[in-house]
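Single chain ahead, written as structure tokens, the form predicted on its own.
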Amino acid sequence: MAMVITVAIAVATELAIVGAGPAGMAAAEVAAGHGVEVTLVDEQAVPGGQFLRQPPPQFGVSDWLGDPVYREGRRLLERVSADRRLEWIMRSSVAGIFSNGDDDGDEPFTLVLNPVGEGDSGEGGAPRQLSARRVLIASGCFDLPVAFPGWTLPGVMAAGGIQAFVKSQQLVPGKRFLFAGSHPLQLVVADQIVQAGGSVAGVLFAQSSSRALALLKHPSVLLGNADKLSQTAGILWRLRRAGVPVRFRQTVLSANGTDSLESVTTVPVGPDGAIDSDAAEEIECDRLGVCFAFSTSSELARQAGVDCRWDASRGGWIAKHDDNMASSVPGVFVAGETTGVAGSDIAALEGQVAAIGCAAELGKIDARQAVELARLPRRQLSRRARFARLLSELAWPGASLFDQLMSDSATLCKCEGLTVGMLRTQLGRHPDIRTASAAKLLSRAGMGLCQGRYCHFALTRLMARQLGVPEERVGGFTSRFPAKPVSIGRLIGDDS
């Protein structure tokens, strides 16, 4: 794809967009169209996000993302990549967003940017600052890490991680794959593996087939999303033709191997949601793709003070917003998976609505124009959102399944080497520990390089069950600066 991207390190901008995935790109296109000065910031070298993950420049990939499901996204990517009105700051993470204390000023926000360079090894230089009148956080999501024995073995991967190899570089990162979870994305990735010439031992869904087919009970929702159902039917037909078994009421119990994955132990899931360890089966494979759900990348939004609420099936901590996608912090907007995991098409529509809201606040359009411009994307959002919410409910396996998989021997925080049993023991000895942040101080969970991204859900769920309270009462790890790791040397200007 021919791309003309002007990379500029802006000192100030009218609208800073964090994240160059579908939500960020759609917002940038609409905002720039109304005369807003836009700067996009993203950790990757090129835009597109995970949905439109591009291959490295040195890779020559033919028929990149040729499936029709990517058609609209590719068109959006082509338009914004060639839009010379936009400024780009790529290979930079946002370590923090700070209010300058003057909402009516020209530059009420300061973003601290950490250039990650290639491989985040320090080539990017010292942190920089970007001032902005408005900020849109579209930071996306990541595969939900699920704690079970062996999940940290080499070869156990998030389904999205496997997909990144296939769709961006057309590499099959293994010999024999097994997928286990409850989300339909694992069907998509299994299909992509098969089409790329790989071998798939099976796709396991924890829920029953009748639950998966419950969408058929909502004909009005189906009629508005026939394209998605048609894509799923095509995937199932291709998997069946390739001899890939798709099994329901089956889940992973453990991943087995010495130095890397050699096999996976699977068990049936009963109608009551209880796993039957006595009926375990071992499946040989060297790659396990785990795909139960997703977690929102909400750390930056929470660090900026945005009010969030807990919704496990939609991504954990999701940002609250009004009809214009404005958050609880004046001048800060949110869009995409930050507001609840719902897919790329909804993310792009939310980005459009947020851009219109930003343009109105910046005086580029009046209130009447804003209402008219937002009418169509809001109507499309309403139609798509019903399907997305229903899908997330049907794909959610229930928290009790995670409770059963989290045996005492399972690693909970791999950064700090903390097991589920170790945390349970510590919490039992300290009944006064009742929040995630307090448990962090007690156990060191969440103090590693991932800053709690991989252990946050498991810790929150474990504590909620042990205390007998909702997850929202446990709260999240307090999100502070830096939202992404930055070396002290960089912060003080001495990264030698």
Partner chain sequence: MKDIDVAIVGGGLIGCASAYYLAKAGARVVLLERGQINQGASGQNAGSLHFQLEHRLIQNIEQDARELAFYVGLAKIAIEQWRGIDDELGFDTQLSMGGGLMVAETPEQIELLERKSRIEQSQGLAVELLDREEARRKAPYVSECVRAALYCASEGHCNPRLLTPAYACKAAELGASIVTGAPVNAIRRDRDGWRVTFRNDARSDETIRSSAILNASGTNAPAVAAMANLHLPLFPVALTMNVTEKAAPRVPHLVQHVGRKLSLKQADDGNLLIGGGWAAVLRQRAGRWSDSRSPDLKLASVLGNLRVAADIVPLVKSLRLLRTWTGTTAITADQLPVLGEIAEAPGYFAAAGGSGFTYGPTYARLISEQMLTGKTSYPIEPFSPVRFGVLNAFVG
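Positions refer to the first chain, counted from 1. So that the term is clear: the rigid core is the largest set of C-alpha atoms that superpose within 1.5 Å between two forms. These figures come from a predicted structure and were not determined experimentally.
There is also a form predicted in complex with its partner chain; it is not shown, and the following applies to it.
Look at 427 to 435, 454 to 462, 39 to 47, 22 to 30: in the predicted complex, residues with non-hydrogen atoms within 4.5 angstroms of its partner chain sit in 427 to 435. When its partner chain is considered in the predicted complex, G475 lies well away from it, no heavy atom lying within 4.5 Å. In the predicted complex, its partner chain lies farther than 4.5 Å from every heavy atom of G243. Among heavy atoms of V486, some come within 4.5 Å of its partner chain in the predicted complex. Interface membership of V469, defined by any non-hydrogen atom within 4.5 Å of its partner chain in the predicted complex, is ruled out. Contacts to its partner chain in the predicted complex (heavy atom within 4.5 Å) from stretch 443 to 460: S443, R444, M447, G448, L449, Q451.
Once the cores line up, the CA of S487 ends up 2 angstroms or more apart between this form and the one not shown.
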